[in-house]
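Quick heads-up: it's one chain on its own, the form predicted on its own, in structure tokens.
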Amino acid sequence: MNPFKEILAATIAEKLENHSPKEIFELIETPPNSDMGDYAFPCFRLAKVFRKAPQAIASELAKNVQLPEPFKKAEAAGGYLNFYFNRGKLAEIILNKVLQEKEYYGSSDEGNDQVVCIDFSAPNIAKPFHVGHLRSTVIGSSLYKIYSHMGYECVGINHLGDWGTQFGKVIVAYKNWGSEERIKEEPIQGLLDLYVKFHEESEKNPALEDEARDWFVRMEKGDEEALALWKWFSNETINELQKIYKLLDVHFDHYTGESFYNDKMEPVLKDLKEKNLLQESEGAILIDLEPYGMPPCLVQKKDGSTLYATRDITAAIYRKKTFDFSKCLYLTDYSQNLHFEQWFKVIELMGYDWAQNLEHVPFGRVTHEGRRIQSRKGTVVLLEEVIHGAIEKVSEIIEEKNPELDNKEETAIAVGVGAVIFNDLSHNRIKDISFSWDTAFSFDGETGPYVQYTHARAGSVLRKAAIELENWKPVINGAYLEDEVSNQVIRQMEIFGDAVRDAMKKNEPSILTRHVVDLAQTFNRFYHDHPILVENIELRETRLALVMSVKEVLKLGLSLLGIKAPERM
């Protein structure tokens, strides 16, 4: 919670009967420009309660409220009560707070004793990890870090697509056209080629589809040959996936894919039956959801095999028993909206009140040159190629502009990977993205490398100042930071915690990417307008304190997005 808004809310609530500080807090706004105040309380909702005009209420409050520090005045204007900071005092409070709290700045304990499960990434085994998988992976990883910063205990789950009819298809293709040597040599590409080959051949010979279903049924019934091939394909794919996750610096607490729930589905199906929720239709088992405006939820095919919904229902029940989550997030593209609505409703019909704590976090699709990315057609752009392409481009830029840079390879990886992640997270989550090789590695404008460079620039200033940062306790005089540009930097840092909290509440990391770009831009204006290493010791230390604070907040913001902040670039 923003401490300054909390102070204001408590102050205003003292003068208003039957209005709690919490209610007031939710009404306080940030005006579009500083001329209209730093915070504003709208009085329009109070007009009916007090039977007075909003302007009259605002004027009365302006006379009666006791201004808390660090506010210097309150003015009534157009039905609003506008509050103005004492800029110098605010600067001293914020800089001291940032320098003291560092990586904990903007954090909260509101999530204490609450567990959030985050189901993200979840690529399919025996298929390539393409750019379409990046969204779930980096959004989920960032939300994990953001929720953790707000005090929640997070459980990151990679619910791998390691079960289903697609394995029957790959097995059929392997037995007809595959070779062990090819799979060992190029696991992902070899398995993708077989998957594409199956779909090409099945269009000419539909009987192959039945053969694939038969192989999957054999898997579910424990057939040794089927399971041995499945396990081999799975291990080869996971080894390749680990390389990508290592590059992205993405980690999971659990790799419990769909196959993990094979021996846990029977009790769930029995429970559904005992609760009279199951119906039979042409040999298949389903749950009727027509009364809720949805098609039926199929949980067992007529051949006895299970489906995504069966495994998702089982997984949710297992996670609630194991982790006792207060919230469980599922990150997939919006094409799966109906799927989640259906099985969330099934959980509710089973009598579990925690169904309301299941939340689908949908995101837009990634297309390539206007076409959907589809493994079965082979229209994929491999994520590994994109990441290595970005790293290679950064390496070329470093060789051209800063060939003497230490740790060139490490920096190129940090900046290249950062560019790819930031490019994705800077888009509103729900928007579709059209992947283009021309824009994938953009380093100009409002990008990850721009924010990273600003962080490195702040570090360069501090190195030139030749101070012992570990033990440095600057003398800060806020009077030197009351100008508009300095105040904008301070205000950006002041509302950093709000941006993190807002990103968490909306499950929207793009709010944080926008904020770190705004902070970088305001700092660069400050850098160009204000000499820092001046002779006046007090002015010098105050401005250096601002530089160091910005560096800390940029580093923290980038880390919450899953991006490293190099010291030099």
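Heads up: residue numbers just count along the shown sequence, starting at 1. Bear in mind that the values here come from a model prediction, so they are computed numbers and not experimental data.
Absent from the display: the form predicted together with a small molecule. The rest refers to it.
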Could you tell me if Asp312 has a non-hydrogen atom within 4.5 Å of the small molecule in the predicted complex? yes
Phe216, heavy atom within 4.5 angstroms of the small molecule in the predicted complex: no
Counting only non-hydrogen atoms and a 4.5 angstroms cut-off, does Asn96 reach the small molecule in the predicted complex? no
Ile285 versus the small molecule, in the predicted complex: is there a non-hydrogen atom within 4.5 Å? no
Contacting member of Tyr453, Phe340, Tyr105, Tyr480, with respect to the small molecule in the predicted complex [4.5 Å, heavy atom]: Phe340
Could you tell me which one of Asn239, Asn402, Gln336, Gln279 places a heavy atom within 4.5 Å of the small molecule in the predicted complex? Gln336
For the chain seen here without its partner, which of 231-239, 147-155, 118-126, 426-434 has a heavy atom within 4.5 Å of the small molecule in the predicted complex? 118-126
